[in-house]
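Taking the form predicted on its own, here's one chain by itself in structure tokens.
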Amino acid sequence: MFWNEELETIKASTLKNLQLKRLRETIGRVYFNVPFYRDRFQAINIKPEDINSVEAISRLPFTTREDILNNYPTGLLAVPRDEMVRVHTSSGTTGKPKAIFFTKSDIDRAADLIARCLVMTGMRKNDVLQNMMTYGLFTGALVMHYGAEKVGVLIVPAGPGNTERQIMLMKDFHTTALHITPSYALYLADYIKTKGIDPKRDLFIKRAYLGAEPYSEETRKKIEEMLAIDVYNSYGLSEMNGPGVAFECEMKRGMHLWEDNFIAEIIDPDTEEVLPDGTKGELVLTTLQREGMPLIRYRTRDITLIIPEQCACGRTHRRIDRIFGRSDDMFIVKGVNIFPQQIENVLMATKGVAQNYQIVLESLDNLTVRVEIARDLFDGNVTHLVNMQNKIVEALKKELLVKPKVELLEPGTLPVSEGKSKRVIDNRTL
């Protein structure tokens, strides 16, 4: 089923023409209304009329998170301040956050994209969505809320945390879908198991939408198995309206990125060269329908690739693969580049590993992985623990090409995150 079949199955040539039309409108909007962009374009002698193809976007300069921070709070607005109806923020590297403004039309379009996403995964009006993301300055919870309202589902705006209450709400209102972070979903699944609750018998959940933090395919499989549900990967960021930028369909083989609203490029994060479809690199996005605060060639720092083949579901918008990590999340140990997701992949695929782990960096040569394992392995038999430790060390060494130190912990030892998890503890000194 489609939310907007005409747009979701649009012909490639028609989509390209629509993108060009909206791109030129967007370039004109920022050139004449945003001094920051006008100065950037004039510095390289480019005018709006010079952009005569979608590919010509590569001639334009990038926008970075530093640009948003440096123009805080209202320096990137393309319409008067009194036309804005909402502001969201995203974390920054200084004391000030990144401020993202929305007009009424911006909010409506963001909600419409979420409606597309939900219907694409099988959500219908008789469903009940328990929204367990943080309501507040971040976009995730509110944008999902508005989109679900468009579909007509019943929303339980639970927010994160208070797991006993979450389960009570699931039972009382017959929740069929969750919007939740991967780390809290793991904790919730384990909590339900320890309470002796059978998800199939005692709950009504059919699917979960995971976002707000990168996670591995192994983590998805673990959550699906523990809760007996379908888990769908979603992608978004505050700078691009929130969680509806890209979403998995029922095929669950990559996330459809809504190309009538965004132009996606993949670049080499070091050389800034545009890479072909199928090549892993940094995702760069340009808004095509943003009124209040359009962004041109925004460097997301998220590492992924564009899947070149058309999806079997019939939707023609290209898909991006899951987020492998962020360019600024990568760390180096003994000269080897490592992403946290590589470690998570190994841990979640290892039988006997529980739901929580931590990566501790002490120096350029020392990597420690602290991981909780099944409680029954702490049965007094030291051999069981040694075997498990060696198994994890060897699996990580094979994946990372670096031999880490591994500490085994009982379940509940590490702090539980009900929002975005903090997996990497960096104790290195410059």
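One rule holds for the numbers: they count along the sequence shown, beginning at 1. Not measured: the values here are computed from a predicted model.
Same protein, other form: the form predicted in complex with a small molecule, not shown, and the subject of what follows.
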Report yes if all three of Phe138, Glu213 and Glu239 come within 4.5 Å of the small molecule in the predicted bound form by some heavy atom, otherwise no. yes
Counting any heavy atom within 4.5 Å as contact, can you tell me which stretch out of 304-312, 264-272, 227-235, 345-353 lines the small molecule in the predicted bound form? 227-235
Among Arg318, Lys150, Arg207, Arg326, which has at least one heavy atom within 4.5 Å of the small molecule in the predicted bound form? Arg326
If the cut-off is 4.5 angstroms on heavy atoms, which of these, Ser90, Thr103, Asn71, Thr134, is the one near the small molecule in the predicted bound form? Ser90
